[in-house]
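Here you get one chain, nothing else, as structure tokens; it is the form predicted alone.
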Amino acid sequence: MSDAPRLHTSAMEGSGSYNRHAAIPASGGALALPLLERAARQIALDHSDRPIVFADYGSSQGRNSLAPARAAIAVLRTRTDEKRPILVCHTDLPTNDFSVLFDVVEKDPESYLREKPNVFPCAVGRSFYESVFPPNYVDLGWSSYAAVWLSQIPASIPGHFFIPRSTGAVRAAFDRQAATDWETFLSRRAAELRPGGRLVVALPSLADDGSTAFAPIMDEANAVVADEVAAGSITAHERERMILASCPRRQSDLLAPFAQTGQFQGLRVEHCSTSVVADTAWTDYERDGDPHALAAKRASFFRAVFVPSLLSALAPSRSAQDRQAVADRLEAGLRRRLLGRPARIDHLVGVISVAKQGDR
């Protein structure tokens, strides 16, 4: 285990890469949209003219935030006059590519701004493990596939970079960090929600036995990293520091803070479930029979979501061109390995909806 924890500061790959290759998170988040619509119907609204605040915790580059924001706004407009402002605030790490997010919100045909008067977008560059908004400020919160990322990395994983592949004392360290971070996330949101407000969270989940459908692709990617170490393009020290802070949780982990009293920091659970997300890339593969397209989709997804975290372990002296070359080789190597191993990935998504006490 490492001597000191390392903060997780890596956002998704910029320049719209995440938007282009994030079909898996989009599919998982879509399962939670009915809960978001129900939450929008249930939040306590006063009769003032203050803005209704919708907070998107972990927006990345915005494409996957459009559908949830549209859904929430549509329901809220059935409850309020169109003259009442709705503030949509996207939050993510300071390293996020916010320029792409603003471009998407302004120009995308599916934007929640289309023909929606008095809807105002904004953004905050800050970790959601810190306070993002003033107390009692947010009416409706949403977070999709972002709370899976830990605030810091407590240990190295011998021979791998994927937390579910760790064991023993190392896995215990990550489990403690995951539990602490989940409580911190909920505590911050509890303070920010208005009484009667709601929060809906979707994130990749583990089966009860701790398994995940992502493990095979992570094993293949880990083998590609090992090849790069053997070739000398990644040093042993850099390899040791290559840890993904992505930590899927079991449904029991999501419910743990509420187990003793049924509430946590004034929040109570209204719904919690785990479901299988269909693998749309595999559906395409069954239709067109193109293994090259399937391998390319898998490798592009891995690069957009996880490679920036791996690159953060490279020596600071490395040039941007060198980092880009490493990313290119990792993507190409994974694509080659996956080409001969087509496999379906029906992963689990956990969804939880909580309400802050103080309903009308």
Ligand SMILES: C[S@@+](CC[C@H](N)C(=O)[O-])C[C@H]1O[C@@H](n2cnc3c(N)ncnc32)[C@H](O)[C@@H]1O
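When you see a residue number, it is the position in the sequence shown, counting from 1. In this text the structure is predicted, and so the values were computed from the model without any measurement.
The next section is about a form of this same protein that is not shown, the form predicted together with the ligand.
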Exercise for the section: Report the stretch among 120-128, 272-280, 251-259, 107-115 that approaches the ligand in the predicted bound form to within 4.5 Å, counting heavy atoms only. Expected result: 120-128
Exercise for the section: Indicate whether residue 174 is a 4.5 Å heavy atom neighbour of the ligand in the predicted bound form. Expected result: no
Problem - Partner proximity in the predicted bound form: residue 214 to the ligand, non-hydrogen atom cutoff 4.5 Å - result: no
Practice task
Tell me, yes or no, whether residue 92 is in contact with the ligand in the predicted bound form, where a contact means a heavy atom of each within 4.5 Å.
Solution key: yes
Problem - residue 96: touches the ligand in the predicted bound form, heavy atom cutoff 4.5 angstroms - result: yes
Exercise for the section: Taking 4.5 Å between heavy atoms as the contact cutoff, choose which of 149, 182, 133, 264 touches the ligand in the predicted bound form. Expected result: 149
Problem - Those residues of 212-235 which, in the predicted bound form, come within 4.5 Å of the ligand by heavy atom - result: none
